[in-house]
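Below are two forms of the same protein chain, given as structure tokens: structure 1, then structure 2.
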Structure 1
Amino acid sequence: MEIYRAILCSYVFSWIYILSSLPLTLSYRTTKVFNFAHPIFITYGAYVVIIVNEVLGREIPLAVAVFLAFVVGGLVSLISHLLVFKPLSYQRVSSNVYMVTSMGLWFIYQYVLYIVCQLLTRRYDVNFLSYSTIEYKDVRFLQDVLGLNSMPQYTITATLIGVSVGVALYILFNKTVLGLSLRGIADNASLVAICGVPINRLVNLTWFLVGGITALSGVIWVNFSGSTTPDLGLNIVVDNFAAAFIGGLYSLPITAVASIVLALIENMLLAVLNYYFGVQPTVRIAIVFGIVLAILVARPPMGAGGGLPYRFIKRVSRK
């Protein structure tokens, strides 16, 4: 039973990490801004669903949850770009300034959410600071129709959202002029600008997509977890960054594969350690940090810092 549970958790966490790590890589490729406030989009996506669920009543449709979370996450991301990151880009500040600024944004968004949760807790007499699992009524209807009632609802929710986003992104970046333009900005913005492509508009669109897609992982989370708190982003941030690092902050396919591998390592390894040695799940963060440190030593993003492969290649080339 523990192994079965670990497999299900690995599957769901794979989609959560993919939906939150791919946008992180996409935003860095396009804007060269490593946004440390990125995990807040996950939290806001989850709490949009929670607030709407409580206001409208239990079991809102998944379609409504996805739409609202995507829009709110996208708007928060776009506003962050327009009011903070874009003005900083005009000043040509260093990457350290972007890092500190984005961390400050994270704290601001975090405490704004805490205030909202406290106000809503008083208004509705419900604990918004630790909200229970949400069921989606259209997913339950689908389960009844297809005879999948024995399957946990969160596996169906994760599959529907993950596959839909994956197909949409593939079509966007490989079959449309808009997607090709976005890829062009990431590869050579100056050349794209010469061709007359409106770079500012496309960058704004990228920020909106990044926030919107990331927020969808929060839609999955509230269907999966028994407790959602304003600190949700803290529970996933290390995994997001680790998957993005493995992808070199450039490759979307490698980032996706890394997300799956991280989910498998975390859940399967923890299941084995807990079963045989009684190790508690709280060591999960230590495992992830260990993976991150190994990546930084062996394969830093894009070879930066002289990682092991870089040093080996340099040594061979000198011979």
Structure 2
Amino acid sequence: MEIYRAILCSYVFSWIYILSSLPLTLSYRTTKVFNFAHPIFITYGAYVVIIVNEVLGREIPLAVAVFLAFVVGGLVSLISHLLVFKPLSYQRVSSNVYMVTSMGLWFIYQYVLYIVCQLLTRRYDVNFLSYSTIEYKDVRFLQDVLGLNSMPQYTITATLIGVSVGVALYILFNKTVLGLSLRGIADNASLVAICGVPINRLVNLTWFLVGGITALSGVIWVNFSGSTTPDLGLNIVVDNFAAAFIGGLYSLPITAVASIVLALIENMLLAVLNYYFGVQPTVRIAIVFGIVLAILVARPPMGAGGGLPYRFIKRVSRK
């Protein structure tokens, strides 16, 4: 069995899911907003790189792509918060209202992107609605220097971005006062406010970080996949949510593990099932969601979104 590509896909998808699911959990923990428009940040991250790459001529460096995607993703996220989620939070709305409003935001962002792509397609005579791959010239330089030319570029891109973000988040949340305050808001916002921490500013910062980090998945995506469309976020939205839900919308380590497990199921497991048991890849949806369902039922998450799980009912009623 030619397992090499399946391993590579699993690896890259793991990073893509981690970089998009962790911020989703982070935003829920901090703000209690379940943002359905979250995967649009991936799409915007990918598209800002594509647009700049085409407008400025080919061969954008990874460093520039990361900076632009982070800023644009962060700004889109921050604007969503300031214009929509913040006014809603003043009215103490239910989580369902946040959810449906974020769906409305999603429609707006998605189709504004369609309009932008169409205008750019006409202006630059390049199909922005379905775009091929981008190679980062600084990563190629790094490959040349380190003698890693036999490795696909996207594995190096994914590793660089993933590890950097991981280290940065670790330092932020464990070694800085700012990070500790952010964690504090997630656990008990009122208490943190009493301590004199400017909650509003920190919540704004959280939204910016959430959008920015998620957009970095898009930077990996355009280097990895042969096609990027405005529907990119839509196509991976449910996988994203699956990872976050398995992590209970609370635990960052479990969310990360769930991202890796999902990537392995979608790539390795399906390839193995196909090769050894003749199962067609068309069963992907059924298998992936069947497993997610089984995980959720067998090991119900105890995180932020759960009430008293009814697995305790028998014990309660017996007593």
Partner chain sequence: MPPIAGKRLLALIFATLVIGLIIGYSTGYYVGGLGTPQTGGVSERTYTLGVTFALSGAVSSVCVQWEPVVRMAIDDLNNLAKSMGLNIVFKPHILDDGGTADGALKNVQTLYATGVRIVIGPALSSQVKAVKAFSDSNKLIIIAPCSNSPALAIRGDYIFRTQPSALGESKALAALAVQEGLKSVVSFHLNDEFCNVFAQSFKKFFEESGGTVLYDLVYQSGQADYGSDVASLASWVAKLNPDAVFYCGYATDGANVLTHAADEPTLRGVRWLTVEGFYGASEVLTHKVVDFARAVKMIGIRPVPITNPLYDEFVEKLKKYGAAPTLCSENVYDAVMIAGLAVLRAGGSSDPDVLRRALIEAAKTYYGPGGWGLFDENGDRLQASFRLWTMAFVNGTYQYVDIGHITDSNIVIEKKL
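Quick caveat, the model's predicted, so the values are computed rather than measured. For the two forms, the rigid core is made up of the largest set of C-alpha atoms that agree within 1.5 Å on superposition. Every residue number counts along structure 1's sequence, beginning with 1.
As for origin, structure 1 is the form predicted alone and structure 2 is not. After superposing on the rigid core, the C-alpha of Y275 is displaced by 2.8 Å between the two structures.
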